[in-house]
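The chain that follows stands alone, in the form predicted on its own, written as structure tokens.
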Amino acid sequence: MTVRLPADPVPSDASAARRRPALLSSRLVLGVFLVLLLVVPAILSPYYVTLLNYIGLYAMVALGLVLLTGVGGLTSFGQAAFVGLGAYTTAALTTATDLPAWLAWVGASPWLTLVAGLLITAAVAVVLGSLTLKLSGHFLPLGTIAWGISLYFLFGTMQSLGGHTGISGIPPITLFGRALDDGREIYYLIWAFLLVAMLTTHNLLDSREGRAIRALKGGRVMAEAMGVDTARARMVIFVIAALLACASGWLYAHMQRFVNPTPFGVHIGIEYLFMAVIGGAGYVWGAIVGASVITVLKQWLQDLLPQLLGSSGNFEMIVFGVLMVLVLHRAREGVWPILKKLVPVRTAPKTIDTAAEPLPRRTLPAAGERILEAKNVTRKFGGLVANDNMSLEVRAGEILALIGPNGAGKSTMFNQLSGVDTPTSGEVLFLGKPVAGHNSREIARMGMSRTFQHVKLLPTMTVLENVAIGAHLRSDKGVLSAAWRLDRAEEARILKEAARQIERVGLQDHMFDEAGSLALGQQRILEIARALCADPCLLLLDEPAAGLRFKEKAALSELLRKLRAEGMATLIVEHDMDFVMGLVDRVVVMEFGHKIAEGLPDEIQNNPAVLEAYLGGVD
């Protein structure tokens, strides 16, 4: 059984239906596109077929940048160097006459050299990625420029690779006994490679691994707290982008039958980035759009501008620079979203398979068992002591509130407990094991889940997808499974669990809405659903009632009471005293990084130190 949501809202009346533009089926549009790809070689002249071949080759590289830059937020100017690796590997192996016996068999077929090129590129990408991806800010793109230049000069310097003269005599690719030595024949192979790459990339992004990748851009702290290995995710997309570029280089070498270093310089890497950004860096189809716009425009400008200006030169690069500035100002998401609006397409609605098996759940500790214990935790930032010998404990089946005026150090303490930060001194025990110094991903795997003082979600993803990130650690299907749709049973289980938690917190009416469209209070509730999706035994809530209306607070209180009855341990940082005092079992009060009181809600409300420091003061 599946629960299906209509893809588009139903018009309230007949006139609204008439005003609404007719939507085309996505399958129909895709079918028309594929038919056009099949017939154009028979219709167009060899010049335009060659142009389409280059568009396909460039789009493969741009697709890697869509994944790397548009989705993952990692800017790279060095992708042309990976194109060169693929091209030079096959060129060297297929034309060499003095290879050692153990290697000569690889050069016997271009298909074997493709495998060799992919393996070499993957190894180089892992080495370069392990160095480059540790950089952040503007240092990251500068790092990609550095190794891009290095590889470019390596191709031109090594005499075994032909130096700047290059390598000629590269044999054509043979497929089913037929040599693809003509532009019309290799056309189909190029576009088959590109379409398969687009399909697998689309599949990857629509999966558990894809949600982890999409969380890299602006959500790394949250993703780590949900158990995502963001360093691994960054390396994965870096290697995938390199492999796509390598495959493009392999095809390029056998189409041209000649390679030299010129097409693999940093200036070409910048063009690839132009293609991804102008087409739509966050969209798979943006790779084709960007490659088409840049390639066609470049050809037109190379013919037109010298006639207009009366002299020759690379004037098209000036136009590209102006075009990039205009796109960044007027269409930051690229051309593809504009095309989608011009040709509205009806996509299949998202479904929840209610018959999917539930994900396994952990056994909660017995009521009263100590879950979390902090002993003399101190955190210093230079001369500032944010937490000073803080101690507290949380037991299964209870709700503990951590309160105090602004600047008391509550959120800093939260970060020490959850692994976002490491105490300067002291000890944190979770389920009896020391966790101070462990990263938040390891602690999340043990059963601790949290929300954040400042909401951390992915605004362009749906509520369902945001909550599903919480279940990342409850499954283990990898990149290859996702790319080839071998993870569908597990994905159905994850989405079913996410839907269950969304209904649990009362957001079922917004399940398929973009998370960024929700009100602040609803976004906080979404964070709680995401934390619950991780199946924790300890829930850390940082100001969960902030921004909630009265009825929403009442519903949240009821939910937390149900969790307490199930044996869940909960630690809350909150400013709303009415919400806290009517809900929690015990209260710890902080001021200037110290604990000044601990006890039952009634005791805390009558404590003179608390009244002076917090309840009677200005918050």
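Note that residue numbering begins at 1 and tracks the sequence as displayed. Definition used throughout: the rigid core is the maximal C-alpha set that superposes within 1.5 Å between two forms. On a predicted model such as this, the values are computed, not experimentally measured, just so you know.
The discussion below concerns the form predicted in complex with a small molecule, not included here.
L384 is the sole member of L384, A489, V343, V127 with a non-hydrogen atom within 4.5 Å of the small molecule in the model of the complex. Screening K410, R530, R208, R524 for any heavy atom within 4.5 Å of the small molecule in the model of the complex leaves a single hit, K410. Only one listed stretch (384 to 392, 116 to 124, 233 to 241, 248 to 256) carries heavy atoms within 4.5 Å of the small molecule in the model of the complex, and that stretch is 384 to 392. The small molecule is not drawn, but in the model of the complex it has no heavy atom within 4.5 Å of T157.
Among residues of the shown chain, G547 is not one whose heavy atoms approach the small molecule to within 4.5 Å in the model of the complex.
Taking the partner from the other structure, the small molecule in the model of the complex has a heavy atom within 4.5 Å of a heavy atom of P405. Annotation for D421: C-alpha shift of 2 angstroms or more between this form and the one not shown, rigid core superposed.
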